[in-house]
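Let's start with one chain on its own, the form predicted alone, as structure tokens.
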């Protein structure tokens, strides 16, 4: 009536499957990102300001980039009106990468932490980073 051996084996197998994600990811944690905003273009700016607020860009940059892609490539719209009313040219290469030329320390650091693989570089050319920007 008592199948202690089978129950114990079942518990061991259950625990092995339940804890699998934890022990397979041990030691793979990436340090908390600290994106660098010290590129030469940003250092020369009197007012360090992006097309939208820092909070907006942190939370919504992918939606903004998708909106820009659709506007520029599908509808031919090349100007973006920000929430503060400023008009900006829609261009990932000429707007975003002009300031954020340190892909490894800006883009890759957060995306690695979030385990996200953006597809920006499927179409765009990754910026060549200067030796002092790494």
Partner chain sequence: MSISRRDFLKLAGISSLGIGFSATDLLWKNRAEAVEYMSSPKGLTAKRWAMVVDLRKFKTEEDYKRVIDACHYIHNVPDFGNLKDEVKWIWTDTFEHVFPFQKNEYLPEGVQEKKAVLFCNHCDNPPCVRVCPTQATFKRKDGIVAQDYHRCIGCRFCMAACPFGSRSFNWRDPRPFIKRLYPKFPTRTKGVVEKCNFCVERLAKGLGPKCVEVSNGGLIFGDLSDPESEVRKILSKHYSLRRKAELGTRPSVFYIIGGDEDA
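Numbering follows the first chain given and starts at 1. Being a predicted model, the structure only gives us computed values, none of them experimental.
The following text describes the form predicted together with the partner chain, which does not appear among the structures shown.
A.B. asks: If contact means a heavy atom within 4.5 Å, which one of 91-99, 35-43, 22-30, 105-113 is the stretch that engages the partner chain in the model of the complex?
C.D. replies: Stretch 91-99 is the one.
A.B. asks: So in the model of the complex, is the partner chain close enough to residue 78 to count as touching (4.5 Å, heavy atoms)?
C.D. replies: Looking in the model of the complex, residue contacts with the partner chain include residue 78, since a heavy atom lies within 4.5 Å.
A.B. asks: Is residue 59 close to the partner chain in the model of the complex, meaning a heavy atom pair under 4.5 Å apart or at it?
C.D. replies: Residue 59 belongs to the contact set for the partner chain.
A.B. asks: Although the partner isn't part of this model, could you tell me whether residue 87 comes within 4.5 Å of the partner chain in the model of the complex, counting any heavy atom of the residue?
C.D. replies: Yes.
A.B. asks: Flag residue 48 as yes or no: does it have a non-hydrogen atom within 4.5 angstroms of any non-hydrogen atom of the partner chain in the model of the complex?
C.D. replies: So residue 48 does not count as contacting the partner chain.
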